[in-house]
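Just the one chain here, the form predicted on its own, laid out as structure tokens.
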């Protein structure tokens, strides 16, 4: 018994694999990059705020007559770029509200509220690009984006025409929550990639086989015409019932002529493309 075991252990085992692994396929899956919710790509803001004119004065002092005759140093103290950021934000907010308000004193309608929130969101996004570690502004920005989504959802439900109009005026994209949500996993993604790879491989092989059959079609028809003519002559000579008619032979010849014409046209097109490339 021990001798048999020693002989069995001494003989090397050979494993023959009859199936393929996914690693054998040329498929590589990369996890999609996660886009933060504060980025314009995720919040739906398609455009940025325009740059402020360097000589823009604070709106409260725009009609001040004393500034017209004041020194340049004094005038620079009343410019937006030399004042706190909240004044610039308020300036953008007022400009955006003027584009959507229903009348000159409209600051509380749904359109005006959305315009105010959009201007503030875009100002916060510019701030986060420069200071990505500002946690307080980041939290405010998230809350404001969620609030604007709720307002847009309400407007979309009750007045769709106004909803479409406000999206066009503010250059926004509304992304409703998905009806069904599931996490993106490597296993499921690899299954989909494998299915698409196999489907593409199948289509490529069918196309190659189709091209091969088309290449054999002209010689096959030429041989078929010769055989049909030979069979007809032999049947006439032997005085037996004729099974191959002249009409059948003419139809095959006509089909052969069409195929030869198509082959010549395609060859001419390829030659012209090659000449133009050279």
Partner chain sequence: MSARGLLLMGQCMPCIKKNASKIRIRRMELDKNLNMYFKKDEFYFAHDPQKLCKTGDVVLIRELPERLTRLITHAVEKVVYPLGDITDPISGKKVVVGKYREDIEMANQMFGKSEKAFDYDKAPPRGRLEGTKDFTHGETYIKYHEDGKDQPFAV
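Rigid core: the largest C-alpha set superposing within 1.5 Å between the two forms. Here the structure is a predicted model, which means the values were calculated and not measured. Numbering follows the first chain given and starts at 1.
Note that the form predicted together with its partner chain isn't included here; everything after this is about it.
**Student:** Could you tell me which of 114-122, 71-79, 151-159, 133-141 sits within 4.5 Å of its partner chain in the predicted bound form, going by non-hydrogen atoms?
**Tutor:** Stretch 151-159 is the one.
**Student:** Just checking whether residue 86 would be counted as a contact of its partner chain in the predicted bound form - the rule being heavy atoms within 4.5 angstroms.
**Tutor:** Residue-level check for residue 86: no, no contact with its partner chain.
**Student:** Would you classify residue 210 as touching its partner chain in the predicted bound form, given a 4.5 Å non-hydrogen atom cut-off?
**Tutor:** No, no contact at 4.5 Å.
**Student:** May I ask you to state whether residue 105 is within 4.5 Å of its partner chain in the predicted bound form, using heavy atom distances?
**Tutor:** Yes - in the predicted bound form, heavy atoms of residue 105 and its partner chain come within 4.5 Å of each other.
**Student:** Using heavy atoms and a 4.5 Å limit, would one call residue 42 a contact residue for its partner chain in the predicted bound form?
**Tutor:** Although its partner chain is absent here, residue 42 would touch it in the predicted bound form, with heavy atoms inside 4.5 Å.
**Student:** State the residue from 94, 171, 126, 146 whose non-hydrogen atoms include one within 4.5 Å of its partner chain in the predicted bound form.
**Tutor:** Going through each option in turn, the one that passes is 171.
**Student:** Where, within 167-194, is there a heavy atom within 4.5 Å of its partner chain in the predicted bound form? Residue list please.
**Tutor:** Result: 167, 168, 169, 171, 172, 173, 174, 175, 176, 177, 178, 179, 180, 181, 182, 184, 189, 192, 193.
**Student:** Core-aligned, is the CA shift for residue 200 between this form and the one not shown 2 angstroms or more?
**Tutor:** For residue 200, whose C-alpha is compared between this form and the one not shown after core superposition, the shift is 2 Å or more.
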